[in-house]
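A lone chain, given as structure tokens: the form predicted on its own.
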Amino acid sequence: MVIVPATTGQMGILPGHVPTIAELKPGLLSVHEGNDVKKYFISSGFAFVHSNSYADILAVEAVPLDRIDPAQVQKGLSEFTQKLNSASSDLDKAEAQIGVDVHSALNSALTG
């Protein structure tokens, strides 16, 4: 089973899943094989579930969760929050908001 962070919520994919396309948001992707679970943080992308029970996960970035430094995540979240609070243009606000969203999702993946 694979669990992906779709924009509509967490989506579990099992054999026989209905064919679908889902947009992915920043969050935790987990791959379950028996008792083994591999966890990755993905920044965004798409999941394509095919009628033959195969799924393609296309992620802009995918990093094993155990390779992410929690201190760097907190630092980034603080920096982007500060940028968001001081942003003067719409572009600066949008860029800072993306940074806050991604670092918040990273933090949730690490603590959840």
Partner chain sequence: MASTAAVPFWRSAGMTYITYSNICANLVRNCLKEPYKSEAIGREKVHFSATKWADGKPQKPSNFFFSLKLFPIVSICCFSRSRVWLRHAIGDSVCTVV
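Predicted, not measured: the structure shown is a model, and the values here were computed from it. Positions refer to the first chain, counted from 1.
Although it is not shown, the form predicted together with the partner chain is what the next lines describe.
**Q** I'd like to check something about His17: if you look in the model of the complex, is any of its heavy atoms closer than or equal to 4.5 Å to a heavy atom of the partner chain?
**A** His17: no, not in contact with the partner chain in the model of the complex.
**Q** Any of the heavy atoms of Val102 lying within 4.5 Å of the partner chain in the model of the complex?
**A** Taking the distances in the model of the complex, the answer for Val102 is yes, it comes within 4.5 Å of the partner chain.
**Q** Against the partner chain in the model of the complex, would Gln72 count as a contact residue? Criterion: heavy atoms within 4.5 Å.
**A** Result yes; Gln72 sits at the interface with the partner chain in the model of the complex.
**Q** Does the 4.5 Å heavy atom contact test between Gln97 and the partner chain in the model of the complex come out positive?
**A** So Gln97 counts as contacting the partner chain.
**Q** Heavy atom within 4.5 Å of the partner chain in the model of the complex: which residues of 9 to 26 qualify?
**A** Contacting residues: Glu23, Pro26.
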